[in-house]
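A lone chain, given as structure tokens: the form predicted on its own.
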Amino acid sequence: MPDRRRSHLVVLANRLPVHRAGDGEWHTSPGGLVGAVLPIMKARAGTWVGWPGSTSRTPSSWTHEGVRLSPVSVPEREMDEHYGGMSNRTLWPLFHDAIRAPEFEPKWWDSYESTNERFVRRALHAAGKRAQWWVHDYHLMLAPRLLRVARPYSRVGFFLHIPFPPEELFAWLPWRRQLLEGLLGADVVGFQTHAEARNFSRAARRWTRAEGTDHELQIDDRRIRVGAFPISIDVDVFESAARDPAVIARAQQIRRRVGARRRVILAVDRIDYTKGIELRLEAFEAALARGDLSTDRCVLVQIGVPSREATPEYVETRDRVERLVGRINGQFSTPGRVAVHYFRRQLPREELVSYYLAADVMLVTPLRDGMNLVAKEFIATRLDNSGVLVLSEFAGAAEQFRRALIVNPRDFAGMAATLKRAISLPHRESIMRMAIMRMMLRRHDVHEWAETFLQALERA
């Protein structure tokens, strides 16, 4: 068996960590996966294999900020069925508690299989025999087994960024065995929480030949470690931005514009039906209607990041959110006192940090989320330990940040009551809570996450 101590790290992810902007240049893309993985790839001078975002002509490979990028060419129809169909209309809703009914189309599955094969062929071409493979997320769940067949003695890791559902939901999937066997090609299969790791292990023991425990499986004389590896952020980057005088000045400007004496409640989400934006707005509306909150005392700033805008479900979510904002503002706003400031746009990191600094309360209330890095970004920017985090119990982050005000986003009355509590939380208590969460975050940053996973892979 070859020596793997100096293996070259190769990441496989649905998208490259860059996008081509209007100036024709490649720029680093936003998003949790890129923000978490790219710093590790820079440190290791690794190779990233992914789709470039279009079917137009791209370089065969190039280097971006020290990372070798290797684009995968996928025909437009196949990518539509793999990404828009199987990934985002079957797996995404199913893995998020079937909040929306998943669709099961055999042609989508066919494209999912062929696209996974394309990614693996490209990865094998881009890397030598000493490569160590790290496959990411639900788009590429067949890739570990394909890599195992091609390179039997290589180390293969897989990390799922979204939740893994319990058996009774996963059972709906017609291709459940194939997906499980795909993941079992890895040496280490990682999840955000222990509950999700347990869900996977139990499904694997039920529908494949795998045997073992919730933490270790065995199949074909191979052992597979299964575990929780909660993803994180580069804390130093956000702390540095929070110290930037220009960012601080912008935060002060935001506060003046929304009302310097008002408590600023902030929410930042992709416009996605899993994020609970509508229930959050309705809870805020109820608190205003009961007089628990007032537009003189507080304001809600909702930033909605555009997402999958060609998909009907996302267009419907966006439209409902915008109607709700209009309804609340129409009923409760007064001259100079808008109840909800709503922005539908992607903000650069420095501007986003300015909003974090301007906020008194951060609302992170998804209906289901693998981790939710917005919560961690907010905590990282609170250098003076100020601010209150209201966090859904159904976000993976809730396992780490028990000092947040934990809510059930479907509990309408409970959400409204927690909003009232958040804006009036005693200063000493809020400082204590945030200090503990910041200590936890600094201890478990993105570098610790990656090192923990990769060390597990080396030992596997």
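Values in this document were obtained by computation on a predicted structure and should not be read as measured data. Numbers for residues come from their place in the sequence shown, where the first is 1.
Below: the form predicted in complex with adenosine-5'-diphosphate-glucose (ADQ), not depicted.
A.B. asks: Any chance W92 has a heavy atom within 4.5 Å of adenosine-5'-diphosphate-glucose (ADQ) in the predicted complex?
C.D. replies: W92: yes, in contact with adenosine-5'-diphosphate-glucose (ADQ) in the predicted complex.
A.B. asks: Using a 4.5 Å heavy atom cut-off, state whether L146 contacts adenosine-5'-diphosphate-glucose (ADQ) in the predicted complex.
C.D. replies: L146: no, not in contact with adenosine-5'-diphosphate-glucose (ADQ) in the predicted complex.
A.B. asks: According to a 4.5 angstroms non-hydrogen atom cut-off, is Q346 in contact with adenosine-5'-diphosphate-glucose (ADQ) in the predicted complex?
C.D. replies: Answer yes; at least one heavy atom of Q346 falls within 4.5 Å of adenosine-5'-diphosphate-glucose (ADQ) in the predicted complex.
A.B. asks: Would you check, heavy atoms only and a 4.5 Å threshold, whether G157 touches adenosine-5'-diphosphate-glucose (ADQ) in the predicted complex?
C.D. replies: G157: no, not in contact with adenosine-5'-diphosphate-glucose (ADQ) in the predicted complex.
A.B. asks: Heavy atom within 4.5 Å of adenosine-5'-diphosphate-glucose (ADQ) in the predicted complex: which of N372, S111, T317, Q132?
C.D. replies: Comparing distances to adenosine-5'-diphosphate-glucose (ADQ) in the predicted complex, the residue within 4.5 Å is N372.
A.B. asks: Could you spot which one of E181, D360, D269, E196 gets a heavy atom to within 4.5 Å of adenosine-5'-diphosphate-glucose (ADQ) in the predicted complex?
C.D. replies: By the 4.5 Å criterion, the partner-contacting residue is D269.
A.B. asks: Within 4.5 angstroms, counting heavy atoms, which one of the listed stretches 113 to 121, 77 to 85, 302 to 310, 205 to 213 is next to adenosine-5'-diphosphate-glucose (ADQ) in the predicted complex?
C.D. replies: Of the options, only 302 to 310 has residues within 4.5 Å of the partner.
A.B. asks: For 377 to 402: residues with a non-hydrogen atom within 4.5 angstroms of adenosine-5'-diphosphate-glucose (ADQ) in the predicted complex?
C.D. replies: Only a single residue, E377, comes within 4.5 Å of the partner.
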